[in-house]
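The form predicted on its own is given below as one chain in structure tokens.
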């Protein structure tokens, strides 16, 4: 089996598929996609359940997405996951979209039924389970600062809102995008829950002074941006601004510490990377495709 397939492979699928036993009927579409750990996790799950299918990586660029999705309808695929840059763009090509994914405005899981593409988003619930696993606490008890306002940030912010978190702050380099996301979530925070000098829902600029002010009134900081994908990146929030009471969650997963997790530990805070979120959102996708409980232990062991 190849490490990475392309649109050209899909267009000539019987030939590249010949060498794969069992057959490839699941995959992840992205650009880039070489770093994805989803195949080892999902293939361990498939094997554990005795399902005679394989899961593979497909490097598909933005302009190729409509053609790739149309081909998947015809090639007897069971489903796919989507990663950057396809989560938001894929929405318009779905035949049916789960209400939760529609609220987020992004799709990360597609189930293919009789040639129809059904879109779902497991990022928010996967994130919630990951926070419980990493820090033994529920979102409803936390004051959360989300860094970013893209597809993953939208899923995470909506999940925090749905679980009635104590407080939600959204920071983005383009403050207007943070403000727009906060406006969409306004109704979830209408009732009084926290009394004090800070609002329950707030958008802030990506500035050191704004971060410094917020830290005392935040429990969990979540990085949903791409800052940290490159090991040479600086931490999105410098270690000097962080505090020991914080929990730091970086949705980037890596075998080495991300700059943000390193900054957290340097400041005496607790930190975790996105491996646990990958596990739980992947398990939820497995359950969507096969309508059965995912073999979480087998999938976790494959990632570790």
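Residue numbers count along the first chain shown, from 1. All of these numbers come straight from a predicted model, not from anything done at the bench.
There is another form of this protein, the form predicted in complex with a small molecule, and it is not shown here; the text below is about that form.
> Look up in the model of the complex whether residue 229 has a non-hydrogen atom within 4.5 angstroms of the small molecule, and give yes or no.
Result yes; residue 229 sits at the interface with the small molecule in the model of the complex.
> Applying a 4.5 Å heavy atom distance criterion, does residue 152 contact the small molecule in the model of the complex?
Yes - in the model of the complex, heavy atoms of residue 152 and the small molecule come within 4.5 Å of each other.
> Please check if residue 188 has a heavy atom lying within 4.5 Å of any heavy atom of the small molecule in the model of the complex.
The answer is no: residue 188 has no heavy atom within 4.5 Å of the small molecule.
> Contact between residue 173 and the small molecule in the model of the complex at 4.5 Å, heavy atoms?
Result yes; residue 173 sits at the interface with the small molecule in the model of the complex.
> Go through 247 to 255, 52 to 60, 261 to 269, 66 to 74 and give me the stretch that gets within 4.5 Å of the small molecule in the model of the complex, heavy atoms only.
Among the listed stretches, the partner-contacting one is 247 to 255.
> 87, 206 and 225: each with a heavy atom within 4.5 Å of the small molecule in the model of the complex?
Contact check passed for all of 87, 206 and 225.
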